[in-house]
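Heads up, the chain below is alone and in the form predicted on its own; it's given as structure tokens.
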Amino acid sequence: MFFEKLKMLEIEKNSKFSERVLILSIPAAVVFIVLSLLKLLSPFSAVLSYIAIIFFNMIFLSSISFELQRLKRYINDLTIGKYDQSVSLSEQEAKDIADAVNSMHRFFTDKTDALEAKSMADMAVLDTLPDPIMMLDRSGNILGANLATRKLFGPKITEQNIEKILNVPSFIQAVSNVLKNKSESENLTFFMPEPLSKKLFAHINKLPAFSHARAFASVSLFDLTKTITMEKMQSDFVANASHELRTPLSVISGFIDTLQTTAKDDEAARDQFLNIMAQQAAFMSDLIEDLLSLSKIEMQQNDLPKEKTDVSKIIDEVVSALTLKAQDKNMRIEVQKQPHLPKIIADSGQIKQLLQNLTDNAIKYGLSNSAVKIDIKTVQSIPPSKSMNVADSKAVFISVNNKGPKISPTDLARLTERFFRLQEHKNQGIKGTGLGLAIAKRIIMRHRGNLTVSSTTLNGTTFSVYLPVKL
């Protein structure tokens, strides 16, 4: 056992075991030299006695050195995370030291676990917040970021400098003012160019002294893009409504003045004017309904639908509702439907509105004694679009065709603009708000689909809609 301990002690070159044995043996060596000089002890006996003393000191120190070596290795293991409760020490002093080290280790382990749990809880709370939040050190390096920030800028945002993430001069200057103690906080609104293309509001705030650690300031970002878009939509709605309602209101107002004055006793004029006023009132009602519908769809533009929708069933409902209108123009609706069509993830109300608008237009602007043809089937992909973000998915393809005059390429490109109507339709006195196709396009955009239009003299006009099976 003793030699095994010695062997273990030899492993560590800096144990200084030999030096300790020799130093401890020096007093004995002096005594033996003096006894030998006084001839009280023979030189041979003095040497043997000195060797015996050295051997005794080696035995005496080996146990202590061995315990110290084990204790040293044990503490080194603790520093790298290796915790072994089964370590056995024979010397009471070494045991006491080990117990003290264990107590200290448990104390700091509990503290570390508590801090880690608190940190995880704090991060979990921050991750639930919808707006990006970042922590910066004095150099502008990002020490931490919540989930919203990581989604916006990528998962590897931490330890990058804020200038690389948001390299906008006005924003960087505001951050610099806080980091250099020129200001306690800064607020600003700025536009972040590609690839974000967002209008952001930033609040940069210096952290209190007691919460510093490495963190010196926090940055909170708020996306104003949707708010600004909604404000613009509201402004456009008011402007469009007031502009489009002005004409029918002027007509109604003019006829009311006439009926109250010059045509007051003219029964024939009164009947004619009241009929025109009723038409204008109906037009205003349709216009307001379409404007409200368009505004509602635009407000939902960024909210993807979640319900499963049976397009085949919706087509049947639309055809049933518009059959009488088609018969009034001596037209018929012909539907060619692929069997076992898949359901799509869509807003069923909006899909019905979309297909009803397209079919109603096909009847309204089609030639009498002709057919509106509706074809519905599954396709493997959606063609790309310059103006729409299309889904990478299989899709349900729906085409609505009517027979009528060819539409010029210039007019085709403008069909989905708000209030745009073909001049020939106006000349023919065909009523319409000019919002139906704008509504249809917005519905398709929300569903990440696509819309194409073609028009030829031979085949008439065809609206083709692609609605993804999965968003």
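One rule holds for the numbers: they count along the sequence shown, beginning at 1. Note that this is a predicted model, so its numbers are computed, not measured.
In what follows, reference is made to the form predicted together with a small molecule, a form of this protein that is not presented.
The stretch in contact with the small molecule in the predicted complex, judged by heavy atoms within 4.5 Å, is 358-366, chosen from 175-183, 389-397, 358-366, 158-166. Although the partner is absent here, His425 sits close enough that one of its heavy atoms falls within 4.5 Å of the small molecule in the predicted complex.
Shown alone here, Leu415 lies within 4.5 Å of the small molecule in the predicted complex, counting heavy atoms only. Proximity of Phe420 to the small molecule in the predicted complex falls within the 4.5 Å heavy atom cutoff. Proximity of Thr433 to the small molecule in the predicted complex: non-hydrogen atoms within 4.5 Å are present. This chain is drawn without the small molecule; in the predicted complex, the residue among Ala28, Met445, Ile407, Leu41 with a heavy atom within 4.5 Å of it is Ile407. Every residue in the set Asn402, Leu437 and Phe463 has a non-hydrogen atom no more than 4.5 Å from the small molecule in the predicted complex.
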